[in-house]
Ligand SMILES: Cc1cc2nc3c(=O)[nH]c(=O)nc-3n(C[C@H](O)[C@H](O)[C@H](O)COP(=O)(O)O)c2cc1C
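Only one chain is given next, in C-alpha cells, and it is the form predicted on its own.
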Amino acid sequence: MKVIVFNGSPRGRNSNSHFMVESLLEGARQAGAETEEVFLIEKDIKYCRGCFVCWGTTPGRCAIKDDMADLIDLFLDSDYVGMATPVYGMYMTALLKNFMDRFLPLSTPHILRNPDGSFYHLERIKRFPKQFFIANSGFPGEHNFTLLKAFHGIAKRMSSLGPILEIYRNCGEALQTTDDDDPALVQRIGEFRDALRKAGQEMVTNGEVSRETVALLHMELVSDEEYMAQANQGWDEMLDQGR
C-alpha cells in the first residue's frame, strides 16, 4: 500500500504542513505502508496554459514538458493521496492550486450535470486513489477554512465518497514550540502528534479514520486570546529588531 502527500507550502521541509504530514506518514509506515512526501516547491511545475491540447491534439497528455507528468503518475499509482497546505488569503497556496490546475489532462471536455444542479467534466480515469486533506492556519478560531471546503468537492469529483479525512488545524504557528516553551503546550503538541500517527495507522489498517481520532486532531492547542497575545508580541519584537 502506498500513501503519498503533496505538500504545497513554500516553506517546504521547514513548514508547519510538513510537521503534520511527517507524523501522519510515520503512523502509516508503522501500519506497513510505503510513504512519500512530495514538496511542490522543489518541483518544476509550470502554469496551465489553457490550450486544451490535452483534450484535443494529445488526449490525456499535457503539452508542457516539466515534472508534472511524473507527479500525475505518482498520484495515480498511490492508494491514498494527501494534499497539504497552509492557509494563504483564506485559501490554499498558489503552489498547490497550480499543481491541481495541471490535472486537467485527467478530464475530458464532455460536460455532465450533478444531481444538485452543478456541472463537471467527465473524468478520463476510472480509478482514483482515496484522498485526504491537511490545512493549517496562522489565525486562531474555526472560521479560516471556508474556501478550503472546496477540497471536499475536488475529492468527490474523483470519488463519490469524498475525502476520507480532512484536518483543519488552527493556531498553526503554535506547532513551532520547543521543549523550552510552556510545558502544558508542549504536552498538547505531543498529543496532537500522537493523534496524527494514529490517523495514519487507522487509514492504512481500516481504510478510514475514527471519529474519536478526528476529534483529537482538532483539539485546542492554545486559547484564542493566548495565541493572539503571543503572536502579536512575537511580531512586535521582530519589528523592533528591524528598526
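Quantities reported herein were computed from a predicted structural model and do not represent experimental measurements. Just count from 1 along the sequence shown to find any residue number.
There is another form of this protein, the form predicted in complex with the ligand, and it is not shown here; the text below is about that form.
Among heavy atoms of Met90, some come within 4.5 Å of the ligand in the model of the complex. By the criterion of a heavy atom within 4.5 Å, Ser78 is excluded from the residues contacting the ligand in the model of the complex. Using a 4.5 angstroms limit between non-hydrogen atoms, Gly138 touches the ligand in the model of the complex. At a distance threshold of 4.5 angstroms between non-hydrogen atoms, Pro86 is in contact with the ligand in the model of the complex. Heavy atoms within 4.5 Å of the ligand in the model of the complex belong, among the stretches 109-117, 95-103, 130-138, 68-76, to residues of 130-138.
Every member of the trio Asn16, Asn144 and Gly172 reaches the ligand in the model of the complex with some non-hydrogen atom inside 4.5 Å.
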